[in-house]
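Before any questions on how it binds or moves, here is one chain, the form predicted on its own, in structure tokens.
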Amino acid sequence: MRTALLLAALSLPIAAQAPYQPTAASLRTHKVPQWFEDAKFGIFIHWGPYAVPAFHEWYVAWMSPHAGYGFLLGGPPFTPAQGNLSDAVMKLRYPPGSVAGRARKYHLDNFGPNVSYDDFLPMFKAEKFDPDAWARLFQAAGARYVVLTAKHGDEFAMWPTKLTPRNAGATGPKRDIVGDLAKTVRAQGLKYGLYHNTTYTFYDKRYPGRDWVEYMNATIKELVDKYQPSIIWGDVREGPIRDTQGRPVPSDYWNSKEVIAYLYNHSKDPAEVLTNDRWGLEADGSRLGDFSTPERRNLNAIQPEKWELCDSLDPFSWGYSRILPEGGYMTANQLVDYLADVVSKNGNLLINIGPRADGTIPEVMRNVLLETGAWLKVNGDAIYASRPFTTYKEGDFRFTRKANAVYAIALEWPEDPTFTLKSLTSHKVQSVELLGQGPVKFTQSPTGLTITVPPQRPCKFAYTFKILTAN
């Protein structure tokens, strides 16, 4: 009988055998999945009703109908009623050169004083949204995972949730955006993640009360149960909400440990899911989560732990913005260089796009992604499943490694007929090839590895020399 019970226990799912507990010690035993270590390149999508005014994804923060939310941006929110305030008060609250001041002027110029943010909800129709086309684009771009904003600070849920009427099933698109994209992204062999605001809101007047916290927890759990995301990508604003001693409210206030444990324990395979570190700070100042997420801020050294840099093709907004000219977007050349640099330091690059309200992805964004995908078809061996070399750069070169192969990615085409890499002096080189073209001549001496530059370029930018070594 005891043997039968033991065998039955051993056949239980991992989560049932050893569930993660809502403690820092338990959660920190969770490991980053191999697929995330190898993926290197992901697509972030900021899409919601803020695509209708098309200024910035924080648009509602300047228009919130609930008093008291201005602290999120250092000033009070804009409401139509404030049109009668004195010029002196308006200049104090909305300095003309500030983002809040620009947003207010943009709103008044384009929509007038009687339009509120909620008036945009039924206008967000997504009538041209084609999840199959999106997924094919992301696959062609060379991305290995996709993260969609399931709910941002405007508290509009992109799925037909039972927990709020502000959702894409009830108004606007009247469809399950999260679920429709999940099917097509996974059909392309890509991992699927979901962004959710974890410690902030621009809209909900219950914030930061316990009822809002419970609501936030419940919507994240609903996403886990309904869509089984590979990533829950939380987001925070740690500064504004503080305790009586002036310290940021700790992660326990937001029930962060409980929600992360729920993700692990309610996923089909807890070892294959993960979350970032934006869940509020622990009492000792440390963070929870599987990987760190610097935002629009590159790191300058190889990191021992896995990390992910998030940035956007638009330097100003994460959501679609009508005010940015085409020449203002990140180019494919810049994106490829960015990717090579981040990967050389043990990071992933999560690059953001902002679709229009109708569901179309602007041509300028599509072209950047497609050109990046074309580069990865030639040079992907130096990116996917690679690991850092002993040094990440030498001049315009960035290095990655797999076993006995070192990849030297030249961000610029070498101008001289030969160049020398000093970083390879301690490695016995057996062969060198230019990815996309073939073997190239080289000589090795105590001062470095000298490579002869071939006459033709194999791609438009960033050129990879694969160097096989004996050690």
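Model, not experiment: these values are computed from the prediction. All residue numbers are counted from 1 along the displayed sequence.
Missing here is the form predicted together with a small molecule; even so, the following discussion is about that form.
The partner is absent here; in the model of the complex, the one residue of Glu394, Glu222, Glu282, Asp235 having a heavy atom within 4.5 Å of the small molecule is Asp235. The contact with the small molecule in the model of the complex, taken as any heavy atom within 4.5 Å, belongs to Trp58 out of Phe36, Trp58, Phe442, Tyr407. Taking non-hydrogen atoms only, Trp318 approaches the small molecule to within 4.5 angstroms in the model of the complex. Interface membership of Tyr195, defined by any non-hydrogen atom within 4.5 Å of the small molecule in the model of the complex, is confirmed.
Phe44 belongs to the set of residues with a heavy atom inside 4.5 Å of the small molecule in the model of the complex.
At the 4.5 Å threshold, heavy atoms of Glu295 reach the small molecule in the model of the complex. Stretch 227-235 is the contacting one of 326-334, 297-305, 227-235, 397-405, since its residues have non-hydrogen atoms within 4.5 Å of the small molecule in the model of the complex. For the marked spot (Lys40, Val147 and Arg186), a heavy atom within 4.5 Å of the small molecule in the model of the complex is absent from each of the three residues.
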